[in-house]
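Okay, so here's just one chain, in structure tokens, the form predicted on its own.
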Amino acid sequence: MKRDKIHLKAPGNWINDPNGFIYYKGRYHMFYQRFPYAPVWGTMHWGHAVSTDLIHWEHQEIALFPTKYEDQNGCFSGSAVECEGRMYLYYTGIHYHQADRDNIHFCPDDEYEASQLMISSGDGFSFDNFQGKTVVIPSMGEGAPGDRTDTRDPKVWRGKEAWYMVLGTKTGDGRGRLLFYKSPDLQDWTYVNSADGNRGLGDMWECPDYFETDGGGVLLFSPMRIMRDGKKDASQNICMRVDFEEETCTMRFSDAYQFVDYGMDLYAAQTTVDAEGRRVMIGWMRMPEAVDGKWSGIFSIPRVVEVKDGHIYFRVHPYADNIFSRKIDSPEEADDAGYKISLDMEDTESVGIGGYWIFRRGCHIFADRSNVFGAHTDYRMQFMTPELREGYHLDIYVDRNLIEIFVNQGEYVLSNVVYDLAGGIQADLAGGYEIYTMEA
């Protein structure tokens, strides 16, 4: 089996959204959208990887693949829960009304329907794709609260009195919407309520994820077409503080939102609770081209989600932070999993990493990947954090195809996919910097 360190990558060909992220029977399980035949998007399966520490990942056999009418054209995104020792996976099944004659993995004019399915396992590895699937929410009909095509990505969690599910969908007048369901037993689901978004906050809400923190409720979701700057990847992952009342499934949104990551590549993030009870998040880093023509799709470093004074922080998970403990003098000495640079940045200072530039101007940190992103000029090249309030300390994690900048221990994060990093570190820093890598 293929093994990854720090960043879970496509084991070949294509991956996208993390799915079914769960700590189950002493292991972290990460399922993910997978097209196993080429490094492009196609008919979705669920890939599967496991880890004991969120750092060392081992890829497994494909967990889910199309077998039913409802998922004939794809097993789309979903989540996992544990109940009485069994793992339950919930996902969206896709059925095309008609496939493209030249490429059966695409659907002309988006003429398809979406249903919500469930499958369970006693060990987290064996799934009966032929006899074990159950349709728990059929495709939406006339007058239903959701869209027949764009209703998907079930996130399930245990509340105080029942199990709950949230689905992303859209309204008839072009706004994002959430649908809430309740179940006593994970089998029978009843629609309870919806929550609509404002105009301008995307026209379809993908991959919703609601959870509680010590600082209150948080909603992560990925509104489609929220960006209006003409660049690619107009859909982005955002988060906001919310209040959720279980009895009526009423969700109240805050007035403001944050981007989960200000590098604008991260999408479809999903969270779970780790062995110590921390809320941990991993997201998909989108790539415009396959690496070496062989694989496309890499996941972020695991991040702990916290709320402090109303602000949502995404901190490097302690497992990942602690493993970068061997101090080195240059990137050439680093483990193949990459390295970490720690520094404090004064105004107008900068640091270059193989052609990728980070610099400070006033109360903001900027990044520029123009030199390490090929000819993809239709994507964003320059990035900026919001105004910083807690200082200008940076922990920068560098992999061959991914740079993640954690500012002030997660006050904001800025992560970018990169290609063709070349050369070492060029620094204009009064305080210098330190480099760390994994223990050998």
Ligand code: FRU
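Residue numbers here begin at 1 and follow the sequence given. Quantities reported herein were computed from a predicted structural model and do not represent experimental measurements.
Below, we refer to the form predicted in complex with beta-D-fructofuranose, which is not included among the displayed structures.
Among the residues Cys249, Val156, Cys207, Ile312, the one placing a heavy atom within 4.5 Å of beta-D-fructofuranose in the model of the complex is Cys207. The listed set Trp284, Phe127, Tyr90, Tyr181 contains one residue whose heavy atoms approach beta-D-fructofuranose in the model of the complex to within 4.5 Å, identified as Trp284. Partner proximity in the model of the complex, defined as non-hydrogen atoms within 4.5 angstroms of beta-D-fructofuranose, places exactly one of 225-233, 140-148, 99-107, 199-207 at the interface: 199-207. Put simply, Ser77 is close to beta-D-fructofuranose in the model of the complex: some heavy atom of it is within 4.5 Å. None of the heavy atoms of Arg360 is located within 4.5 Å of beta-D-fructofuranose in the model of the complex. Shown alone here, Met44 lies within 4.5 Å of beta-D-fructofuranose in the model of the complex, counting heavy atoms only. Remark: Asn16 counts among the residues lining beta-D-fructofuranose in the model of the complex, judged by a heavy atom distance of 4.5 Å or less. Contacts between 261-300 and beta-D-fructofuranose, taken as any heavy atom within 4.5 Å in the model of the complex, involve Tyr267, Ala268, Trp284.
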